[in-house]
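Only one chain comes next, encoded as structure tokens, the form predicted alone.
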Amino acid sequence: MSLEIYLDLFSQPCRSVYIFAKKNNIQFDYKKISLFEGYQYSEEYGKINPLRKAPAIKDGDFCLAESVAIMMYLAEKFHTPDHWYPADLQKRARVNEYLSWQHSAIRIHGSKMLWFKLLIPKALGVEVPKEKMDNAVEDLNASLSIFEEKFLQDRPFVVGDQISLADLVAIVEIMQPVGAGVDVFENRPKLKAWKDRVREEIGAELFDEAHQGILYCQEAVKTMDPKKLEHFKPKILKYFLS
């Protein structure tokens, strides 16, 4: 049985899994789904991932959710190059440290900028209070500073001279606000240089392919059907604005 990977590339975790699998020549059946259209709530998808999130994989009879767990599984199963998830105890600990931190920092703050700047006002038709917007910008900038000063420091990549899962997970999250027209790399030359190195290591073509949807999000939102989002509207507003 072939490996199936369920992905929506508007999602940061989905992009990391997609890039990782493609970069490492892992053969898989790409199951393209739409979170905005609610495919995650379908009966079919619930059998793959009861958590109702993406990404998810089905490897024979084995199903797995959560992007970090998926990439670790793929790294072990397909014996990907060591630099992605190093065998060295301390290098692996550095990767794990970043992966453990980012959930409540870069991830949430990067996501908020896309929702606050673009999706909530343009797709849902709800104005975001200025105080919440200002706080979101402040939180994002604080997380980016921590990433530069603590995790990156003066190294080419998070762990050292080679790219790892930490860099891959970081870049997809940091690119999310860009989709809303927020240039997170402006006035951050260290971050911009790191991004350019990551893009080069991944391969410009693959990097740009994976991020094509998010970079055209400002155009895509113009043609979104608001009726398809009505089901999610109360949940989204409660999560972000309550």
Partner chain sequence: MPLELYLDLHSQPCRSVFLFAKLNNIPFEYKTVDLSAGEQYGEEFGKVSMIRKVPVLKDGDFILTESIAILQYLVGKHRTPDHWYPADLQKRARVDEFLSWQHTNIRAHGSKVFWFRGVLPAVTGSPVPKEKMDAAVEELNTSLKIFEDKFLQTRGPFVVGDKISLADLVAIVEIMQPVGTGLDVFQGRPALSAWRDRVKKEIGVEVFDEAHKIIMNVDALPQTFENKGIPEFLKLKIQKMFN
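Positions refer to the first chain, counted from 1. These numbers come from a predicted model, not from an experiment.
The same protein also has a form predicted in complex with the partner chain, omitted here; what follows describes it.
Close approach of D82 to the partner chain in the predicted bound form, 4.5 Å, heavy atom: D82: no contact with the partner chain in the predicted bound form.
Contact test in the predicted bound form: L51 vs the partner chain, heavy atoms, 4.5 Å: Within the cut-off, so yes.
Does Y216 reach the partner chain in the predicted bound form, with heavy atoms at most 4.5 Å apart? Y216: no contact with the partner chain in the predicted bound form.
Going by a heavy atom distance of 4.5 Å, is V126 a contact of the partner chain in the predicted bound form? V126: no contact with the partner chain in the predicted bound form.
Each of Q162, M175 and K190 near the partner chain in the predicted bound form, meaning some heavy atom within 4.5 Å? Per the other structure, none of Q162, M175 and K190 touch the partner chain.
From the list L206, C63, I26, L35, which entry has a heavy atom within 4.5 Å of the partner chain in the predicted bound form? Of the listed residues, the single hit is C63.
Which one, 154-162, 130-138, 167-175, 117-125, holds residues whose non-hydrogen atoms are within 4.5 Å of the partner chain in the predicted bound form? So the stretch in question is 130-138.
Across 62-77, which residues bring a heavy atom to within 4.5 Å of the partner chain in the predicted bound form? Contacting residues: F62, C63, L64, A65, E66, V68, A69, M72, Y73, E76, K77.
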